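Taking the form predicted alone, here's one chain by itself in structure tokens.
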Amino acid sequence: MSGHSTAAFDAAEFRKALGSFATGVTIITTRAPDGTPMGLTANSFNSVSLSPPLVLWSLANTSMSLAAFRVAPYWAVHVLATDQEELSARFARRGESKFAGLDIESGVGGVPLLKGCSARFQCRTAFQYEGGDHVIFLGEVLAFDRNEAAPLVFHGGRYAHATRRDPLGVKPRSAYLEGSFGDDFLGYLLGRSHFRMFAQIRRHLEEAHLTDQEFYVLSSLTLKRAMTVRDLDAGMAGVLDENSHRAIKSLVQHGLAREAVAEAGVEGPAYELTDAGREAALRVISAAKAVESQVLERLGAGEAPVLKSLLNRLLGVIDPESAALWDASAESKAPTP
């Protein structure tokens, strides 16, 4: 472990070292003297005392909001939930109408309150202290509320996710055969989860007279106006492989897809959805998303972003080519000149 003494103090390395401590992410709101709502993102929030209930946070001396907070009698701390990363980014930017379009509530002293947070603390300014290049605000908590949403976390200069874990001492269950895998085996967890979730989607495919393979290809064709066989082969490698060719032929036979004109310089045929294919795709994908919504609702608030983030990272590790379909579709999402 490398060290940095105070004699050769490296500010950049000091910042990195401080970043190794994971913190929550908060938005602090108040009203300016003219009534304008103000807010900013901060991860300097901390508890001070339970009795009396006191909390603190700090604001840089260079902040454009400092003058307003200096004279504000009340302010609110919002502990952000894991699905509020975009909100955090919004309030971290300067010169933006941060409250535009937001459904806010009014708190103590008219302080604007954001919704959907893990916790909210409405505070009266108790003390202010000079703290080097920051001003430290200490507040008395007058009211608070919370929910079960997992909190957004900041670590090492980037956003992270927090999620619940089993209590200490809870061990995975194992089969009687020594050396067999337990119920925490990743293959078991992923495999059973896939089959059980897809079983809820399959009935919608049957109503649309689609096989699993045809659904994979049909939904892939929604990513781009026209997709070449090469695009499909790359996207389906290790998933459908040669079965993707049979699936596309079946979709053509049923009038859901048709051969399209490939772009100049592109070898091989290309395929696109017909009007009937687009309608079928939207119908079954909507049904699949409804199933997903129901599953994630039972999982618990705030857990979905964590799960999806981890699965995306896992997919990038075990299947680096998984992005091929999305890369192939990138141009279809580009603005039309």
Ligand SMILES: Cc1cc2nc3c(=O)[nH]c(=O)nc-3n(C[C@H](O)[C@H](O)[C@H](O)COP(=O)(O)O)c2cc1C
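Don't overthink the numbering: it's just position in the shown sequence, from 1. In this text, all values refer to a predicted model and were calculated from it rather than measured experimentally.
Not pictured, yet referred to below: the form predicted together with the ligand.
Heavy atoms of every residue among 60, 91 and 94 are located within 4.5 Å of the ligand in the predicted bound form. Of the stretches 277-285, 47-55, 306-314, 63-71, only 63-71 has residues with a heavy atom within 4.5 Å of the ligand in the predicted bound form. In the predicted bound form, the ligand stays beyond 4.5 Å of every heavy atom belonging to residue 224. Contact check for residue 154: a heavy atom falls within 4.5 Å of the ligand in the predicted bound form.
Contact annotation: residue 40 falls within 4.5 Å of the ligand in the predicted bound form, judged by heavy atom distances. At a distance threshold of 4.5 angstroms between non-hydrogen atoms, residue 134 is in contact with the ligand in the predicted bound form.
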